[in-house]
Ligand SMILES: Nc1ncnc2c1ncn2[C@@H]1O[C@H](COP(=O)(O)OP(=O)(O)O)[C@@H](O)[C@H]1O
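Take a look at this single chain in structure tokens; it is the form predicted on its own.
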């Protein structure tokens, strides 16, 4: 897929933006604070339903406005052009596909695949487990159509069990929800494991290019309850402790994965730069896996790429981007020499975008 057109209203510094994008690599250059990152953020919102920046959703709103909107015309590999829209007003979201409101954000997100590398991406390696679960679940969502309804059923059962734990319910009240949690949780876990198994060889090849000094990478997955034990047994065995804590401990909602290396068996041994390159390898691998399993290539967004990488790594990454099928959006304060060739260039200034 690719963005043929991106329209943004009242988001961050943009009062109104309407930009026509091109296939291949699109480079956005401008001073800090000009709105380059917000442009990528708008694309990310249509694919994830949230910003990649930290902070409350209200921070997205332009000062003095009451609602923001992101609209895009998406061109798929089949040639079909599709309209996607997302509006937030107060605490309400409204998502649209081809001008028609849809009941859930997922019904819009399934049509749009955007993968973003930005200065905070090292949290994928060094940050909390929630970031890594989101990474895997986004990938699974786009290849396993059953994932979203299963996840909703699991979350509903989890809320019910937690409510019963807080009310000091007896075991017989917990059992029906534990059965639902166990069944759906095992299914979710199997999907995640399949995804990471498919991702691992692609990730190994990329790490050999980006962080060869660290040796062979190892992707380790922890499913959220003890190995060799069913989730049903783990839930039953954890009742007393869960009652004391007033929430459910075992389950895929506590899953995590880690990327370690022969020369760095703990993520604490990675420098910030190595963590950043490892995160980039994960994201590029995810894009490659998505491209292999989907009819549409994902759009890659690279925020301030030249300042995040040294010259050698930048050249290696840009070479890879130039030979992949998907559209790429890159921002920077200047245009790096390696990007001066066959790219479409834009200048961003004070919330406006002009093609160069």
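Residue numbers count along the first chain shown, from 1. Since the structure is predicted, the reported quantities are computational estimates derived from the model, not experimental observations.
One more form of this protein exists, namely the form predicted together with the named molecule; it is left out here, but the text below deals with it.
- Taking the partner from the other structure, the named molecule in the model of the complex has a heavy atom within 4.5 Å of a heavy atom of residue 31.
- Although the partner is absent here, residue 25 is not a contact residue: none of its heavy atoms lies within 4.5 angstroms of the named molecule in the model of the complex.
- Mapping the unseen interface onto this chain, residue 13 counts among the residues with a heavy atom inside 4.5 Å of the named molecule in the model of the complex.
- Contact annotation for residue 62: at least one heavy atom lies within 4.5 Å of the named molecule in the model of the complex.
- This chain lacks the partner; the member of 48, 290, 53, 320 within 4.5 angstroms of the named molecule in the model of the complex by a non-hydrogen atom is 53.
- Comparing 293-301, 308-316, 36-44, 321-329 against the named molecule in the model of the complex, the single stretch with non-hydrogen atoms within 4.5 angstroms of it is 36-44.
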